[in-house]
Ligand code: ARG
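First comes one chain, alone, set out as structure tokens in the form predicted on its own.
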Amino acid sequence: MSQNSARTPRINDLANRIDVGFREALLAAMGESAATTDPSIKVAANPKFGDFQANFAMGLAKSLATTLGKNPREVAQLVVDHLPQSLRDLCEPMEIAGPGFVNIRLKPEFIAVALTEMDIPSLGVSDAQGTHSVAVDLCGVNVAKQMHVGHLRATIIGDTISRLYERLGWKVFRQNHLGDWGLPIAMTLAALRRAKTDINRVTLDDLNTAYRNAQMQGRDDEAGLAAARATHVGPHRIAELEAQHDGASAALSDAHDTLRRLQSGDTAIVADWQKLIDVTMREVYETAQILRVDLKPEHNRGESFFRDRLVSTVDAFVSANLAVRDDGALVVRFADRERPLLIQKSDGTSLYATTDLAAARYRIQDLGAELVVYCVDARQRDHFRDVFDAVRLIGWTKRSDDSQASLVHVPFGAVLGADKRPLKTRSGENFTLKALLDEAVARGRREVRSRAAVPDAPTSGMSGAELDAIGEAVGIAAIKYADLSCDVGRDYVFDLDRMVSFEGDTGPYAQYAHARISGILAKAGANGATSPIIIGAPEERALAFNLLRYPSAIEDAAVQLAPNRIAAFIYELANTFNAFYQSCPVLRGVDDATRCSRLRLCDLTRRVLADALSIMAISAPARM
């Protein structure tokens, strides 16, 4: 933690200082009988009553009724009379309200000092300077398949959580757990080779089709064939089923042979397999760039990365007497549920769970992560509960310094269409992520060009290329903010009309607030960065308190793994600034000191908005 950020007062710090002062007063006024009393310091719900409120008097008056003989208002006044001078110096005279509430209002000059100390490059945010580390499992695409809407959530939620911790100075390990190993990939590769496809020229669309076809070719309806024979449905239907059965058996045999050759390091097979990965990841990286997500080749830790660790993973559970045979397979059992965790099939092959166990061990033991976060959809909740419990059972959460690492699943909900069902195209297929982003960019560009057509618009007269760039930023912000502003675990309805709106709780609204402030500062020709801050009007006070909340908002969002809390902060700050700007003239009609102070408030608000948006990897245009 840097020295500057450590001394910057935050809303939580201010509440703590008030809490300490009231605890001292309780002890001084009433002795040991009140030593454990919680002053219950809260941010005031209504600013007209103050900045904070203490609500201890009613409970204390009731519990000590026989010894005190005072009503709650008298108890509150007695404690206020014993407050230390250090707290009195920060606050206006306190007011006893209602049945004993203590309304607390900070002195304007102290708020100004707090803002001045926050007005540094770090914006008052703590910096762990790499003393903590977190691994974040994000994206997780399957090779030879196009990214779909679910990958949007896994990617941007994971990236935002990574950025939250990076902003706090943690060392962050992004982990893209690719589905790049095993039978499904071998089936696709075998199908391409049977078709004599030129893999050097194959596209992701080709791979997507080949993947589906391979799954169809390997589908064996043995039960249907047996039923057809038993019921004598006719020779033609039986012949069809026999052909399907024979074809599926041949395709599966070819896939298993391809997998064996891949696992044994066959040069030609491995080279073709790598080409499938390259084609898949080319589009993933392009999509990540459009989304402004930090996802690069060095972040890839796919199933293939852990293939040489699977045997030792299973052996470790066997040696620890944690894996038992069940009909030839190896499973890990748990005392509190009937469902076991299957870690090896009866034929000796591994599963997703085996790879996840190896990955968790790598992330904690090799990378040294003290926190491992998995951004994977909610349908995998039970799977990760089992994997995490197995890792704890075998003791792999213990780090080199004997501390315990934490494993956390951030389960996200689905993206729904207007019919409240998982988002599909009109043809009933899953929406590809590329199609979704293309539509968002097109809509953003139309909206920006429409606004630029107004003669006095800030963007009037800009070139088409400049407008398109802003439009793309607006469209991507619309998609990302709508997703990240929701409670991660909930489904949400995809409504592009609402998302691209410049009004309400949307990405473009937040971007427009930043652009508006940038325009104010540009007109002023200076930002007032060194001018003393003056807090007078209620709207200035409200804006100041929102700004002071920023460091705590980041820490809270990181601890709770809740990107929506950053979005909520951004929306509230934009609203508070708009109220300030409507009521507090900045450029005209005020004296120089007030003008410079308000320009400094504008500049600080602009920087905080840009910083908060950067945590969500959303751009902050200067003109819109």
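The first residue of the sequence shown is number 1, and the count goes up from there. Since the model is a prediction, treat every value here as computed from it, not as a measurement.
What follows is about the form predicted in complex with ligand ARG, which we do not show.
Trainee: Would you please decide whether residue 177 lies within 4.5 angstroms of ligand ARG in the predicted complex, comparing each non-hydrogen atom pair?
Mentor: Yes, residue 177 is a contact residue.
Trainee: Test of understanding: in the predicted complex, would residue 384 fall inside 4.5 Å of ligand ARG by heavy atoms?
Mentor: Yes, contact at 4.5 Å.
Trainee: Can residue 300 be called a contact residue for ligand ARG in the predicted complex at 4.5 Å between heavy atoms?
Mentor: Contact with ligand ARG, no.
Trainee: With the partner left out of view, is residue 274 within 4.5 angstroms of ligand ARG in the predicted complex by any non-hydrogen atom?
Mentor: Outside the cut-off, so no.
Trainee: Considering non-hydrogen atoms and a 4.5 Å limit, which listed residue (552, 287, 142, 531) is close to ligand ARG in the predicted complex?
Mentor: Contact residue from the list: 142.
Trainee: Quick one: of 110, 492, 352, 334, which gets a non-hydrogen atom within 4.5 angstroms of ligand ARG in the predicted complex?
Mentor: Residue within 4.5 Å of the partner: 352.
Trainee: Which is the contacting stretch out of 482-490, 343-351, 458-466, 134-142, given heavy atoms within 4.5 Å of ligand ARG in the predicted complex?
Mentor: The contacting stretch is 134-142.
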